[in-house]
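Below, in structure tokens: the form predicted alone, a single chain.
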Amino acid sequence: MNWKKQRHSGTVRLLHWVYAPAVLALIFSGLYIHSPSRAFGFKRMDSARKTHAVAQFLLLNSYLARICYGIKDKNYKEIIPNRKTLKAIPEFLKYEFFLSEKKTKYPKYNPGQKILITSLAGLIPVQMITGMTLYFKPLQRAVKAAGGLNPVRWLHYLAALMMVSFISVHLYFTLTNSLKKLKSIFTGYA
């Protein structure tokens, strides 16, 4: 009998499909807010700002829900890199850079995915804090006294560029790994 193994629960898939489009909406609306261009899909600053606010709300809530779910279900252990992950990096990189044909099987996520997902999880709070500082007047006044908004704006922009890079690598790992694993984020099963 060939039973399919569940890879992602319904909650994980639901949260993934809430924050994935929210992050994309934040990136495109944020790029428009930084430097308005129709290439980002907006015609007016007002619509970009509204999209940014709604996407920010969705990301914040789905991010917090994912952390709570990870703690409750203890599946954060599958994601956060540990000593074993760090030891596996050289072999993983050899395969990824075509220096070895030996593809190691990993339980759920490979070392690159673990580091990537953990980095993204660390970048999201930076984006939220700097974004709220740029948005809310009382926080703006507090930051002005400590050096101004420009460093906060640049940190927010730099973190956004890092997120774009990480998401590109995430898509690379997703599309070059296995079709079964890619399918599992839709169906739950590999």
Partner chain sequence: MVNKDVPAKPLIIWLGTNTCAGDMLSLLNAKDPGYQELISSIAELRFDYLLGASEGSDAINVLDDLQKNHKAAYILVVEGSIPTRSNGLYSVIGYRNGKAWTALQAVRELGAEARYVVAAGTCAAFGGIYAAAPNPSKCVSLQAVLDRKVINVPGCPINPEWMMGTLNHLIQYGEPALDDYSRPKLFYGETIHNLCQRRDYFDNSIFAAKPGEPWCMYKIGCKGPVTYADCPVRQWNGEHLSWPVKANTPCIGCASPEFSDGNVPFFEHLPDVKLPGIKVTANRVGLWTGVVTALGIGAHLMGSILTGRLAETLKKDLPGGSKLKIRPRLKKGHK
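Positions refer to the first chain, counted from 1. Just so it is clear, the structure is predicted and the values come from calculations on it, not from any experiment.
One more form of this protein exists, namely the form predicted in complex with its partner chain; it is left out here, but the text below deals with it.
- Contact between Tyr76 and its partner chain in the model of the complex is not found at the 4.5 Å heavy atom cutoff.
- Under a 4.5 angstroms non-hydrogen atom cutoff, its partner chain in the model of the complex lacks Cys68 among its neighbouring residues.
- Lys108 falls outside the set of residues with a heavy atom inside 4.5 Å of its partner chain in the model of the complex.
- Proximity of Thr11 to its partner chain in the model of the complex falls outside the 4.5 Å heavy atom cutoff.
- In the model of the complex, its partner chain lies beyond 4.5 angstroms of every heavy atom of every residue of 52 to 78.
- Whereas the shown form places them at one spacing, the Cα atoms of Ala145 and Leu161 lie at least 3 Å closer in the model of the complex.
- In contrast to the form presented, in the model of the complex the C-alpha positions of Ala142 and Gln127 draw closer by 3 Å or more.
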